[in-house]
Structure formats: C-alpha cells, structure tokens
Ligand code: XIL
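One chain follows as structure tokens, the form predicted on its own.
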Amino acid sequence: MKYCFYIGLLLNILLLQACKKKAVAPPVQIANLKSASSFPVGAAISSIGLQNNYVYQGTFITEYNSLTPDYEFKFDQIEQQQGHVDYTACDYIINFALQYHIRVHAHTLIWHQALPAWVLSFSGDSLAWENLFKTHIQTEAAHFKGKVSSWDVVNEAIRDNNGALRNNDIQTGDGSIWRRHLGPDYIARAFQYAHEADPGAFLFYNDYGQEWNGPKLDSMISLVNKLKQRGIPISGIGMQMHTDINVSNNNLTSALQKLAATGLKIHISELDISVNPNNKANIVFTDTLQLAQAAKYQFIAETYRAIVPAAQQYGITTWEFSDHDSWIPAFFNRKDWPLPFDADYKKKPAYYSLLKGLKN
C-alpha cells in the first residue's frame, strides 16, 4: 500500500514538472512593428492627429518607436512672420515623444518649398541672404538641441531631369531660392551651421527618386561623398522611397547597395507604396493589388536588412501610416491606398508583410 502511495506521488511530481516546463516556454508572439525590428521603425505624424484622434494616437504608440513631424518643423510653420517664431506644435510633438520614449527625426531645415511669404519676397545682398539662412538653421536647431536625434538638414536639392542642383528653373518647379542667392555650396554650409547649433544630432541629406532615377542617384552619391571628403559633418542619407508596386526590385536593390557603399547611415525616410501610379479613375483595390503591395513592403524591409550594414541602419519610416492620412490621393487627385493601415486604421496585408520583412 505504501509502495503504491510513493509511486503515485512520484507520477504526480513528474506531471507537475512537465506542466511547469510548458508554462515557462510559451511560443514567442511578435505584437507590433517596433518589437519585430532590430532598428527603429517610424512614421511621419501630425500634431493634430495626435491631439484629436485617439485611434491615430493609439495605433502609432503601439506600433512605432520613431517619428518624423510631417510639417510642423518646416520654415513656413515656425516663422510665418520674420522674427516671430512659434514652436507650439513642435514642442507638443517633442513632449509626446519624450513621454512615450520615441525617437524624433526632425524634418526639415532647408527646402526650396514650404517657405513663408517674407522669405520669398526678401530682398538683400548675398550677406543678408547668408544671415537669413544661417539664423534660421541655428535658431531652430538650437531650440531642439538634445531633444531630437537627427535632422533632415537639406531636402530635395537635386533636379529630376539631369541630376543637377536646383537653381533658377521656377516654371518647372525645379528652382531653389537658396541655390540662387547663396551659390552651390549652400548645402555644405547648411550642415556646418546645423552641426554648430546641435553637435550631438545626426545630420542627413534627404531626397527621392533613387530607385527610378539613375542620374539623380549618381548625383546624390557624388554630392555626399564630396561633403565627406571635405570633412563636412554629414551623418546619413534619407532615401524617401515614395515608390509603387511597378518599380523594379532590381532597381531598389541597386539603389540601396550604392547608397550603403557611401558608409553613411541609411534612412528609408518617407516610404509609401502606391498601387495606382497611372491615375486610373475607376481603380478598385483588389486582392491582387493588395498582395502586390504587401510583397513590395516585405521585399523592401528584407532587402534593407540584408544590404545595409547594421551600423548604418538608421531605420524605416513610412510617410504617415494610414491611408486616411496619406498625402498621395489629394496631391495627385486620384484613388490610392499606399500605407500599411487602411482608412479605418485596420491592418492591411501590407502591414503583415512589412512585419514579416522586419523580423530578425
């Protein structure tokens, strides 16, 4: 009888140990984009969305650990009147990011667009223009010193048609007021001024078209390499990648290879993937289109991880994250669904494929 008792007790102990082993080793579940990735995953956001839409805010907090302000840091938003700066919206974003431990990539100090009327009508000699230029960069960069991790210092300075710097071609939209008044070396000085104001921040040159415009890609690489050779404090390249489902995967791969070869940090900085690049009026977002878009998101994430060395991986950022907030439908006046979340902030096939592409 005593023997049976001990046998039964031993069996119970073994069964309990087996249950404990199962309890301490549950299957690992990837809950969101940021936890799937070894590098920051971000999105462009708006202060209005964060303040007024709890679904927007909640989705962003759950999924992302890096943000880029959509428009709040641009010149025309901060200093609409000369000498009167307003950082209210910017400071809200900074405080939000600090509260939730989110990296801030600030966008942008120098661009040929988003300029206040007083800059467009400004008249003065080259010294006056240089003072305006330097004052804007250093006032804004100093205000956010220690609060942002990085800046897009110069944005979209290279033309699409031939890879030259934007200059006087106003009628085609290729002109730059900075290039006209400050000469071609304004880019180098912008980086120097930004570094003087915030020496701890990473500084990026940001542009689009690398995956479809060979001359522009070559010009960009030449530009950043020359800045490096001169000792100009440039840290990285922003590859915007406003792309579409028809862009060649070979082109995407080649562009990332060439950019990574510069040795600079590489930030996929404004990713979205259009499914209607030909502006079809009656297009329907079919399962076929959804799966093609999903495959492209996965390919981009996997290729970025495979090609860009870990030390150069600054992260992947989409330009907003929901189709509801995308710039593409309004800008091109067309139907499109370019982002990982649909207009109701629900996950699309693109989300799950991006998640899969980010997993280590």
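One rule holds for the numbers: they count along the sequence shown, beginning at 1. Note that the structure is a prediction, hence the values are computed from the model and not measured.
Omitted here: the form predicted together with this ligand. The next part is about that form.
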Subject >> The single option of 140, 198, 79, 270 touching this ligand in the model of the complex, heavy atom within 4.5 Å >> reply: 270
Original post:
Looking at 186, 202, 87, 71, which has any heavy atom no more than 4.5 Å from this ligand in the model of the complex?
Top reply: 71
**OP:** Check whether residue 111 has any heavy atom within 4.5 Å of a heavy atom of this ligand in the model of the complex, and answer yes or no.
**Re:** yes
Original post:
Does the 4.5 Å heavy atom contact test between residue 107 and this ligand in the model of the complex come out positive?
Top reply: yes
Original post:
So in the model of the complex, does any heavy atom of residue 319 sit within 4.5 Å of this ligand?
Top reply: yes
**OP:** Although this ligand is absent from this view, report whether residue 211 comes within 4.5 Å of it in the model of the complex, heavy atoms only.
**Re:** no
Subject >> Contact stretch among 89 to 97, 224 to 232, 211 to 219, 239 to 247 - heavy atom within 4.5 Å of this ligand in the model of the complex >> reply: 239 to 247
**OP:** Scan 152 to 166 and note down the residues that get a heavy atom within 4.5 Å of this ligand in the model of the complex; none is a fine answer too.
**Re:** 155, 156
